[in-house]
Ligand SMILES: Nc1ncnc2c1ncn2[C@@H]1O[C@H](COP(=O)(O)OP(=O)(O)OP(=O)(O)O)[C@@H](O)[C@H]1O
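Below, in structure tokens: the form predicted alone, a single chain.
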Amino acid sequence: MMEMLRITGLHKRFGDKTVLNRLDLTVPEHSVFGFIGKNGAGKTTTMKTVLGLLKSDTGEIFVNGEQVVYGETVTNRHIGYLPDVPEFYPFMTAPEYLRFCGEITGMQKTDIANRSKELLELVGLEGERHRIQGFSRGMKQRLGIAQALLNRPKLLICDEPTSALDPVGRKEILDILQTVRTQTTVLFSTHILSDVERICTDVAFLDQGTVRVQGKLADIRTKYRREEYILETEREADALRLRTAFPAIRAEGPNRLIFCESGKNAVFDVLRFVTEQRIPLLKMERAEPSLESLFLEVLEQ
């Protein structure tokens, strides 16, 4: 699969503060790529450098095989960009704003009309006739995505697209980003890990200006998976008996227990004890590591 974005050795300082520290990143074509990091980790700086708006101290960036040069934003013809707080002309309607954007980028009138209709349907604003000043935050984000996709970019970059939205608004934006994957490659930065778990195919963990881990989300889960099991007993007393018999089992509540598959807690030993003691269970399942636990584990290494 082709690389839509490749960053190698990116370094950026502001005064005596190093924001990006030899950052390497590869985003495959037609992926939904989650760029994960705490606030201040360097996500926005990376994106602005990819857009040619910031000059890096060292390093190279290639978009669709073409090198990004600061101040010469030729590669931006491949990119659609949604900033964390998109700004609009509030007196315009959504179709007027898209027509304006299409005209200043040199699109043909018929193409603008057809593409605007298609995109407003995609983002659920096709029947909206109010001026943008009356739009909710979620509606503005959806219009921002439509604007970013107007020129059929090969790479859609979204900076924290869901951070200020309510649960309904977040779901709407995530559904749209998942849908447009067939048309483009999606790179979005976030610190909301549940959003990443919902739609991302690939991820990168950014910490102190360096990518610590990146790759297919499924591969990363497999690599960091521990053989961990969740056990829920019907009675609190039975949970206590299990913890007494197997001291390494830890409690996550009065009836909920977690244990790792190890010599002292072999799953068959636990099951044998449950059977012999006739302990009624509500649930026993293998635990999937959460993205949060993976992220914390990576940061602690």
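Quick note: we count residues from 1 along the sequence shown, nothing fancier. This structure is a prediction, so every number in the text was calculated from the model and none was measured.
Although it is not shown, the form predicted in complex with this ligand is what the next lines describe.
- Though this ligand is absent from this view, in the predicted bound form it lies within 4.5 Å of a heavy atom of just one residue from Ile61, Ala41, Leu257, Val32, which is Ala41.
- Partner contacts here mean any heavy atom within 4.5 Å of this ligand in the predicted bound form, and among 228 to 236, 248 to 256, 32 to 40, 267 to 275 they occur only in 32 to 40.
- Contact check for Thr45: a non-hydrogen atom falls within 4.5 Å of this ligand in the predicted bound form.
- The closest non-hydrogen atom of Asp202 lies beyond 4.5 Å of this ligand in the predicted bound form.
- At the 4.5 Å threshold, heavy atoms of Glu160 reach this ligand in the predicted bound form.
- This ligand in the predicted bound form comes within 4.5 Å of a heavy atom belonging to Val19.
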